[in-house]
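The chain below stands alone, shown as structure tokens; this is the form predicted on its own.
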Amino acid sequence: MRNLERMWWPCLAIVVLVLPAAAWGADASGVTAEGKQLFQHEFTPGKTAEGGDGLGPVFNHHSCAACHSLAGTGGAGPVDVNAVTLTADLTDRNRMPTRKGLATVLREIHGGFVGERETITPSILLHRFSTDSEYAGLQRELGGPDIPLEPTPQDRNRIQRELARQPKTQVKWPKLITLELTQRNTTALFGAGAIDQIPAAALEALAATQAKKGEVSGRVPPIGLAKVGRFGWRGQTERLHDFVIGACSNELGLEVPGSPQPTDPMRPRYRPGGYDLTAAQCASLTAYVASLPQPKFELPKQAERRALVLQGRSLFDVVGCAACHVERIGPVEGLYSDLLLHDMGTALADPIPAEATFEYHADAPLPKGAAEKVAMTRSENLPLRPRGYYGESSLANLLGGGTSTMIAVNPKTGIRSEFRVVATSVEQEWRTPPLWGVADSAPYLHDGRADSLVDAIALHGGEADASMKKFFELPITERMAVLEFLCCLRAP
């Protein structure tokens, strides 16, 4: 955290105004020009024209472009801008506290764990910075990594090695709680607008095809009734707009319509007086991200290398990579992802689980004149617990599990509904990341622990274990051909 005070505390006196579109420099390209300026704008702490408080009070960086920087504005992020997640669990499951007692302990640790009406969210972001000078001490106490504000290449190499060696760390709290820190790497946004347009039916068809073939068994990321996830490492966000405004609030600490800024652990009751971005500005920002071009497949000009790349593309299918890294979904070509959730094995397990799938059964009351009860049964992707920005905020681990069945009766209609959890390996499931642009988006995997494609492939387990083994069983020349193919998937 060195140099933190030098950079941020003088900014407290700066007033940031939320300006109309024309003042942001919108031109003939309309909202995308305004959105581009917003994406690159360096926010600072201070009162805004909408009554907000500007950057923070807790935040990970000062602009969207500061994290999305590799291979151009909108790209992936280096490991030093990873988001750090903090998950609380009970140290001793035999000492089960009351909900009120648990909330009291969690609030003492970090105010973000407890919301209004004593609601508990066991997984939160541990932000890098704050507008409060005392926050740095709390961040260190909770196990936050020591990352320089302006890291050198040597710093990044050190951070990468430490993350690869220890991707998860634990901090024991004196009262009942163990804290686990994990990380999320910044994903590239190129082609995000095309992903946003992929029909839910296309994902459902892919999942059905995989289930029929039996090689892999991808699960459609469940968001709600008739909704599917398309964005995020767990596929936890349905639409690009929600993904964008979620980043504004969670990463920059901005108060925006539809996504409140995170709780300030130094002042848990603090709330801003208004928004830092208007709804129109959020729409412009989303429009700009949606306009970012799709990555491309670039065949080399040299005949010998071109033949090697085409061989690698064929071997990519032979070893089974293409079972999940599907080249095309619906209208989107060259994606190399099915956007489905897959069990990737214990090595990649994470305490913030993917959304569980629920089976829904409703019994209807007797229609007038009917002689017997009419039953309706259907299966739905129906999340019953609140989600955090980086995944489901499940109470199951923290509260020692709980019933897998919930019964609800509508007092007006008399309809009795039953919800049952469908067992899945939610802590090991990850959305298949698109490989388009993969040559320019290192580091790899959800936390960036792999600094090379070979390291990333080696960490594939679970459903991908067989493909991983087939890859490493290939002769070295054929493995190099696959890597040559992947190196032709370039950022735009």
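Numbering starts at 1 and runs along the sequence shown. These figures come from a predicted structure and were not determined experimentally.
Below, we refer to the form predicted in complex with a small molecule, which is not included among the displayed structures.
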4.5 Å heavy atom contact, residue 63 to the small molecule in the predicted complex: yes
Contact of residue 251 with the small molecule in the predicted complex (heavy atom, 4.5 Å): yes
Residue 463, heavy atom within 4.5 angstroms of the small molecule in the predicted complex: yes
4.5 Å heavy atom contact, residue 295 and the small molecule in the predicted complex: no
Within 4.5 Å of the small molecule in the predicted complex, all of 83, 186 and 320 (non-hydrogen atom): yes
The unique member of 456, 33, 70, 49 whose heavy atoms fall within 4.5 Å of the small molecule in the predicted complex: 456
Contact stretch among 233 to 241, 259 to 267, 109 to 117, 201 to 209 - heavy atom within 4.5 Å of the small molecule in the predicted complex: 233 to 241
